[in-house]
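Next up: a single chain in structure tokens, the form predicted on its own.
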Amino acid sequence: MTIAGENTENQILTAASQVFILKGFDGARMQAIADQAGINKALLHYYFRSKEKLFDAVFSEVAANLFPAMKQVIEAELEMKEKITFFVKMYVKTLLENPFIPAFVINTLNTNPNRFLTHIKKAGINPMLLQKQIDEEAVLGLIRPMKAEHLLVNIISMCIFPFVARPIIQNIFEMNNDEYQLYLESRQTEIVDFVLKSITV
């Protein structure tokens, strides 16, 4: 594919992600995506034959940003506290670079959770490895006993919520865009400190 072709495809994927976030899969229209991308509908269909194929392409890019990194952290030979620190910093950094991800994932979970589950399974993420490590470190007295599902949900929720609820938080605390960006960046340290204190014996 030519560079021009690659640029057009990236332009379409960016536009599609914006439309899917606003409208969801069912509400999104190919014409709206073409308009957002600044191309005609015929060219859009040339690159992506259907809305389903376009959605899968966009979601595959989202999954490519998230799941391999999550798998790598879960399987890393690090103590749990180091693993949590690395995970939070990696996760928030990914969200800062791709701020559309939280809304896109939540919309996908609401409209078609099987798409999300398929990509998780494809990535080979095994949360039971995390539970095994938690159990081992709890026996050694390094951390308190806990369920992996609670730990992961707590961490991911704290990372994602400021991105999803940005209009509300930014308005309540009267932050401009630059101030809110600094707030999002500071979340890495705040979340790490909060979670490490919560698991300490």
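None of these values were measured; they are calculated from a predicted model. Take the two forms, superpose them, and find the largest set of C-alpha atoms that agree within 1.5 Å; that set is the rigid core. Throughout, we count residues from 1 along the sequence that is shown.
In what follows, reference is made to the form predicted together with a further copy of the same chain, a form of this protein that is not presented.
**Student:** Please run the contact check for Val105 against a further copy of the same chain in the model of the complex: heavy atoms, 4.5 angstroms, yes or no?
**Tutor:** Taking the distances in the model of the complex, the answer for Val105 is yes, it comes within 4.5 Å of a further copy of the same chain.
**Student:** So in the model of the complex, does Phe161 come within 4.5 Å of a further copy of the same chain, heavy atom to heavy atom?
**Tutor:** It does: once a further copy of the same chain is placed as it appears in the model of the complex, Phe161 has a heavy atom within 4.5 Å of it.
**Student:** Could you confirm whether Phe116 comes within 4.5 Å of a further copy of the same chain in the model of the complex, counting heavy atoms only?
**Tutor:** Phe116: contacts a further copy of the same chain in the model of the complex.
**Student:** Answer with yes or no whether Glu190 is in contact with a further copy of the same chain in the model of the complex, where contact means some heavy atom within 4.5 Å.
**Tutor:** Within the cut-off, so yes.
**Student:** In the model of the complex, which of the listed residues (Val139, Val153, Ala64, Leu43) lies with a heavy atom within 4.5 Å of a further copy of the same chain?
**Tutor:** Of Val139, Val153, Ala64, Leu43, the residue with a heavy atom within 4.5 Å of a further copy of the same chain in the model of the complex is Val153.
**Student:** Just one of Ile125, Val92, Val73, Met80 has a heavy atom within 4.5 Å of a further copy of the same chain in the model of the complex. Which one?
**Tutor:** The residue from Ile125, Val92, Val73, Met80 that makes the contact is Ile125.
**Student:** For a quick check, can you give me the residues of 17-39 that have a heavy atom within 4.5 Å of a further copy of the same chain in the model of the complex?
**Tutor:** If the 4.5 Å heavy-atom criterion is applied to a further copy of the same chain in the model of the complex, 17-39 yields Leu22, Lys23, Gly24, Asp26, Gly27.
**Student:** Using a rigid core superposition, assess whether Tyr180 undergoes a CA shift of 2 Å or more between this form and the one not shown.
**Tutor:** No, because once the rigid core is superposed, the C-alpha of Tyr180 moves less than 2 Å between this form and the one not shown.
**Student:** Does Asp26 move its CA by 2 angstroms or more between this form and the one not shown when the core is aligned?
**Tutor:** Yes, its C-alpha moves 2 Å or more.
**Student:** Once you line up the core, how about Lys89: does its CA shift reach 2 Å between this form and the one not shown?
**Tutor:** Comparing the forms between this form and the one not shown, which are aligned on their rigid core, Lys89 does not shift its C-alpha by 2 Å or more.
**Student:** Might you say whether the CA atoms of Leu22 and Glu97 end up closer or farther apart in the model of the complex than in this form? Their distance differs by 3 Å or more.
**Tutor:** Relative to the displayed form, Leu22 and Glu97 draw closer in the model of the complex - a change of at least 3 Å between their C-alphas.
**Student:** Do Lys23 and Glu97 have their C-alpha atoms closer or farther apart in the model of the complex than here, with the shift being 3 angstroms or more?
**Tutor:** Compared with the form shown here, the C-alpha atoms of Lys23 and Glu97 sit closer together in the model of the complex, by 3 Å or more.
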